[in-house]
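Shown below, as structure tokens, is a lone chain in the form predicted alone; questions about how it binds or moves come after it.
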Amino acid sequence: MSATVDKRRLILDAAVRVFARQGFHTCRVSDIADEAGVAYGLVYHYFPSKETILDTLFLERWNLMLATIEDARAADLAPREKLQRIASFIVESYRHDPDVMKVIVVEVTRAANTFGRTHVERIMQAYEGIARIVEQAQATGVFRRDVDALFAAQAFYGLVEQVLTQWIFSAGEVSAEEFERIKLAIVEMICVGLDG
């Protein structure tokens, strides 16, 4: 790995910690530089603004989720198992790096500001990918056909995001058992309403 990539990653990782701790709007580029242990000007060498840093962080994680949704959709699995893969990816992302997920949920997907609007098409791609899984299951009679697939997808993602939000703002640790329970409960809750 080159020094360029190392410094860029160092800055991104520091930005995650600063955004999660202070919030995007209240922090300064100098806070990110201090957290990364680099000169203030070096941040601008890699990123023209803190908005670009947030965009980069969001797109890195969101693109992984879009790939997970597409892989699940294409897999030869039952619809519940496809949704289970997606729920597991999101829950495990939180378990692996809660600060990144906090930044994505609080500063981008729930933000009715520039970032939410900037990435609305990308966010909708996730809903549409999940909706295609629902539509496939509806076409084969596994899921009922009188529920709009996009609505079901938004309900699925909304439920996952609500759980993450509760974890983000609670003071306690989430146990390994809770992570596993939630993965199953999310899919069960949505599928009970969709079962044909």
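Remember, predicted model here, so these are calculated numbers, not experimental data. All residue numbers are counted from 1 along the displayed sequence.
As for the form predicted together with the DNA, it is not shown, yet the points below apply to it.
Identify, from the list 59, 66, 27, 150, the residue with a heavy atom within 4.5 Å of the DNA in the predicted complex.
Of 59, 66, 27, 150, the residue with a heavy atom within 4.5 Å of the DNA in the predicted complex is 27.
In the predicted complex, which of 48 to 56, 66 to 74, 136 to 144, 150 to 158 comes within 4.5 Å of the DNA (heavy atoms)?
Every other range fails; the passing one is 48 to 56.
Can residue 169 be called a contact residue for the DNA in the predicted complex at 4.5 Å between heavy atoms?
No, residue 169 is distant from the partner.
Which residues from 6 to 41 come close to the DNA in the predicted complex, meaning a heavy atom within 4.5 Å?
Contacts from 6 to 41: 7, 27, 28, 29, 38, 39, 40, 41.
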